[in-house]
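First, one chain by itself in structure tokens, the form predicted on its own.
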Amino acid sequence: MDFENGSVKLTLDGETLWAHIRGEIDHHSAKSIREAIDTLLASSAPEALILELSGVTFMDSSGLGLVLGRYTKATEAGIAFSVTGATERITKMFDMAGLDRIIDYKERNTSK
């Protein structure tokens, strides 16, 4: 099952809902992204939600709110949550906001 609007492509891959977000996440785009994710999250009840941010070119505090809000919704529903593909700039923003204490968003080196 796929859904796409201008800023987010949602893909249900088995029990994982992927939200591939691209472009700018600001107060203009955050609402439609949030609504799209929340709608499919509620209707599909996946085991995991992953926000894929490699296509994000800009993020302000609305983007932080989007990520934190999806984390809250997912964890309240017992759904695993993570973020992948965050640029160095976005990672620094997350670190300053303290998200590193609650959300898994840093790429892990799995090689030995």
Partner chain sequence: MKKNCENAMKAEFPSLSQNEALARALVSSFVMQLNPTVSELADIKCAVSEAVTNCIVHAYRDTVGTVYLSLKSYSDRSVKIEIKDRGCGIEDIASAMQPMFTTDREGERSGLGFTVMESFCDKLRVTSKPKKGTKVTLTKSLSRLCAN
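Numbering follows the first chain given and starts at 1. Fair warning: this is a prediction, and the values are worked out from it, not measured in the lab.
Another form exists, predicted in complex with the partner chain; not displayed. Remarks below refer to it.
Trainee: Going by a heavy atom distance of 4.5 Å, is Leu12 a contact of the partner chain in the predicted complex?
Mentor: No - in the predicted complex, heavy atoms of Leu12 and the partner chain never come within 4.5 Å of each other.
Trainee: Give a yes or no for Ala74: in the predicted complex, does one of its heavy atoms lie within 4.5 Å of a heavy atom belonging to the partner chain?
Mentor: Heavy-atom contact with the partner chain at 4.5 Å: absent for Ala74.
Trainee: Check Gly85 for me: does it contact the partner chain in the predicted complex (non-hydrogen atoms, 4.5 angstroms)?
Mentor: Outside the cut-off, so no.
Trainee: My question is simply whether Gly69 lines the interface with the partner chain in the predicted complex - judged by any non-hydrogen atom within 4.5 Å.
Mentor: Gly69: contacts the partner chain in the predicted complex.
Trainee: With the partner left out here, which residues of 40-62 have a non-hydrogen atom within 4.5 Å of the partner chain in the predicted complex?
Mentor: Residues within 4.5 Å: Phe58, Met59, Asp60, Ser61, Ser62.
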